[in-house]
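One chain is shown next in structure tokens, namely the form predicted alone.
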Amino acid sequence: MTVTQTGTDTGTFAGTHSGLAGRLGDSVARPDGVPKAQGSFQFAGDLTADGFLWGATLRSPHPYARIVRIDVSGAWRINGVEAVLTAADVPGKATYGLISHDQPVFASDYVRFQGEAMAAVAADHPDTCRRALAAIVVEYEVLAPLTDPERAIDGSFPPIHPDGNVVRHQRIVRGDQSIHGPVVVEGTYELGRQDQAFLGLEAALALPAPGGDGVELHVATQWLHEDRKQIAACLGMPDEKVRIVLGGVGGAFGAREDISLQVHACLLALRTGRPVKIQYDREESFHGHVHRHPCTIWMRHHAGTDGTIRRIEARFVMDGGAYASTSSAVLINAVTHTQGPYRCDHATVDGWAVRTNNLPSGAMRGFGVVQAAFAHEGQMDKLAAAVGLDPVEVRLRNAMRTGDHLITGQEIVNVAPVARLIQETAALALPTEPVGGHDHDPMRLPGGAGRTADERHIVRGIGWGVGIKNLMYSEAFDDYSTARVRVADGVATVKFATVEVGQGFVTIVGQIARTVLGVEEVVIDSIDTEIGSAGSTSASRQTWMSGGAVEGACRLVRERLFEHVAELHDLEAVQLEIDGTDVVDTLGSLRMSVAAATAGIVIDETFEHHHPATEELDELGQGNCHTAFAFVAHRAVVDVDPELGLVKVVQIATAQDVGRALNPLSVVGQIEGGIAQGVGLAVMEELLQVDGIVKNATFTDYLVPTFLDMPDVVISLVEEPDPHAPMGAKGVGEPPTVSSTPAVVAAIRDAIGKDLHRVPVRPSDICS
């Protein structure tokens, strides 16, 4: 079967040259940058195949209901319909899920959120699919939904799922529980439901093997091998009968870590014996993937009169929605980061992640830690005010250092330059232009053009946020990644299953190979399941894990290369090294290009990079449950119109702990993008549900920052190579989102003098 594309540049990166030049430390342009800017890049939604059918999913209009009956006969009577599937047609496991397999492929007894999948159809045209879905009759017994997470905890609502309403409860107890400080500050903080809002919608193309003996799925995802495992189980097939190929991904941010349309597409392809393509529109995307957990956090800090933290108490309640997804991991990230990047030896924390009949929640950039940071940074500002200190000074007095401990007892062995980050951020220049700028341009005012706001009414505020983010997987997860490197005639071909979602790994690969091997030309093989797993592109882990795998494979190839050259020239392999693009003898008797050294031979090596497993927390929440940490500081400057409730974020200054910037251009891009999502959560992004019903499932009503909303971003990259990290580099994708949100909210508080405790901050919160 031939897969075709409408774009001119592949989204799978097969055969892609990873940049034209550049080694580690250079700012190298992305190989997919120009095609994406020109519109020629092939995303998953651009895929087609000869004779393909369209697939579509029927979704529940109710957040909670018992299914009385489903009648699909009307769909079968429509010309062009080739398949209609319900729960009875799933040949293997009826449920799936990342951690707990608790979500049905198709609902069979109850629907538990608005938008849950009921059935799927395959037909000759999208319009035929829509008519077929409309012809399916479902009789529901509508039930009152559970939408309040507190009722899931207190047991006042009957279980909505066989596994119960509580996904996980985690308690952390450390140190002396009797400590009470002379200074006590407390607050309750709330975060709304944020959507990942990627521009490239969910899309997949499934191709059946002859005779139905397997399936190949081209899909935009974050984790090829985990997708394969769940899909194969639902299809009732061995893993090796399911091949997953990465389709071009138009953003992810955690929402593609869970499967959505994958099983539906494969089932339809196997049933019809023809390729099937499914592609969501924006409204279906809002219903079809997980979102950031809405969360309520109560915190109390006990401190000395000098502002040093003595003990923290906290309570977290996270709304996981209808199914578990990654709620347990998100909860652990949240509660274990209660203290933020500050020293604290005494704490009492309780956290719950619960099921409700709201949309499922799961991973989103900075998962769990974003929620914790909004609370702990609000507390630090309260503490500064209570003891009469500047917000910068109170953070410096408590700043975490290498060798300090989390409230789980885990030692921070990574480089922890928290004080330096705060100081470097404070040293970055503040905006020099007044409100409205020297030219009095209305576009510089809150609300933009049309004289919405008047300069006379605008007040400016400055706020701070400092963050810590765990890197990679936690709680005894076997974290590893695999890479294969083949060198022939001076060309390196690199094979991996690392999903490129826009973070720039496909650029780093070439830089690593050129640096370690001295080659000029680096080619990326197709990204699929024909090699060992690389894990998920999430948790800021791929530079560390997959970068380490590529570096390890390159080093094995280099050892073989030195052995070959040494044998040819009667040298010792240990005397050889790479100098630029040449193999050289350190004694000065040989210098030859890598291309010449590899002429007529093939060196092929595979390396599996493992990280030592972490621990599960004990009953008191103690244990080394995380792998590594990165740190960041943000300072926000905002202009606010207190009468209209309008906000313009003028500047965000940041210093970020990056370990070593392998590609500074890419690092800066990640920082700017992460800040955009932090600004969005602070002042505009919230997916609203009322009684379980989504109210704003379009970009008309769900607002995301545009270029006009973005502040001036001033960046200081703090490079202190981490001795525990391959190449000294830390992941950089999540920290920008962690503390940019509280910094913006703190700046709004500073401008108007109100105790804002919820994000996004709404105009009514400001002007009420």
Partner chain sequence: MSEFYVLHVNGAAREVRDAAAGESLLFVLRERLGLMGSKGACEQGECGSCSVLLDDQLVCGCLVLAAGAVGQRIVTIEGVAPLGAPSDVQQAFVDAGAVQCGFCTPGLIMATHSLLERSPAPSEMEIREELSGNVCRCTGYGRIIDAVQRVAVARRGAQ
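Residue numbers count along the first chain shown, from 1. Small disclaimer: the values here were computed from a predicted structure and weren't measured.
One more form of this protein, predicted together with the partner chain, exists but is not displayed; see below.
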message = 125, 198 and 443 - do all three of these have some heavy atom no more than 4.5 Å from the partner chain in the predicted bound form?
response = yes
task = Taking 4.5 Å between heavy atoms as the contact cutoff, choose which of 382, 277, 228, 558 touches the partner chain in the predicted bound form.
result = 277
task = Work out which of the listed stretches, 558-566, 189-197, 601-609, 80-88, brings a heavy atom within 4.5 angstroms of the partner chain in the predicted bound form.
result = 189-197
inquiry  = Residue-level question: is residue 250 within 4.5 Å of the partner chain in the predicted bound form, judged on heavy atoms?
reply    = yes
ask   = Does the 4.5 Å heavy atom contact test between residue 405 and the partner chain in the predicted bound form come out positive?
value = no
ask   = Can any non-hydrogen atom of residue 48 be found within 4.5 angstroms of the partner chain in the predicted bound form?
value = yes
key: Non-hydrogen atom contact residue 59 with the partner chain in the predicted bound form at 4.5 angstroms   = no
inquiry  = Could you pull out the residues of 25-51 that have any heavy atom within 4.5 Å of the partner chain in the predicted bound form?
reply    = 29, 30, 33, 34, 36, 37, 38, 39, 40, 41, 43, 45, 46, 48
